[in-house]
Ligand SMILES: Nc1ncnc2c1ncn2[C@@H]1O[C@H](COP(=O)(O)OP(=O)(O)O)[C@@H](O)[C@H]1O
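Below, in structure tokens: the form predicted on its own, a single chain.
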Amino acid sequence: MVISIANQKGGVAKTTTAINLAAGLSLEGYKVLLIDADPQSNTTQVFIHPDIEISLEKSLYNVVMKFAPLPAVIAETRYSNLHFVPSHIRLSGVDLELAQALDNRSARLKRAIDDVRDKYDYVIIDNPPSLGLLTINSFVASDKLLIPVSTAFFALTGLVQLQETIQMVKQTQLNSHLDILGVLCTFSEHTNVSRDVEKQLREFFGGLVFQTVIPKNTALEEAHSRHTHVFDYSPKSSGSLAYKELTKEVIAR
């Protein structure tokens, strides 16, 4: 199954969710490929120290723009069952480059992933905070979307546009089977604002909202700075326990 983590609004824990969901699935014994499709490369920096320069030829850019086979850029991690594809800053210009392409430019990532689907139980894609052609490539390649939403003021801004983009992908036959796997409440705090936003999300999306809520937890951010996932860094933290529950919900769905 290919799952895109997406929301064009930044700061909603997309990368944190991609990393820890991928890690959680791998710890459950599934073979997982984590793809960093965000030019900011935050996921990549968790697995490769930022002082180490990522080769353009060994990044997702080379797959999307140069048609390199995906296995050529897949990197191993020190964690069993978890592989990943690095991002590169050059991905920030991919939307402009793809706009000039004459082929089926929205299906390039799908074609690449199709070649390795039988080798992985899950492919998790961390997307940029935008709805450009790079994100459309991810949507076309995906079976499901997981949408993290921060339980903060203005959190619902942009969700209508995201839904319109999903419908566009389905109705234009780019990927008629694309569905939302679930909506995830993140950065939850014991405040009236958090409670109000979560209530609004559950009223709007109904059963699509995961029962699991990701709390605001320093261990999640600290794990990133230690170049690891939260299960490794702080297995008993509230963040770790929450992502473990999310992993179970994703498997069940």
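Quantities reported herein were computed from a predicted structural model and do not represent experimental measurements. One rule holds for the numbers: they count along the sequence shown, beginning at 1.
This protein has a second form, the form predicted in complex with the named molecule, left out of what is shown; the following refers to that one.
Note on the interface: of 23-31, 194-202, 63-71, 207-215, the segment with non-hydrogen atoms within 4.5 angstroms of the named molecule in the model of the complex is 207-215. Interface residue remark: residue 221 is counted as part of the site for the named molecule in the model of the complex, having a heavy atom within 4.5 Å.
Residue 187 belongs to the set of residues with a heavy atom inside 4.5 Å of the named molecule in the model of the complex. In the model of the complex, the named molecule sits within 4.5 Å of a heavy atom belonging to residue 12. Proximity of residue 240 to the named molecule in the model of the complex: non-hydrogen atoms within 4.5 Å are absent; the residue sits far from the partner.
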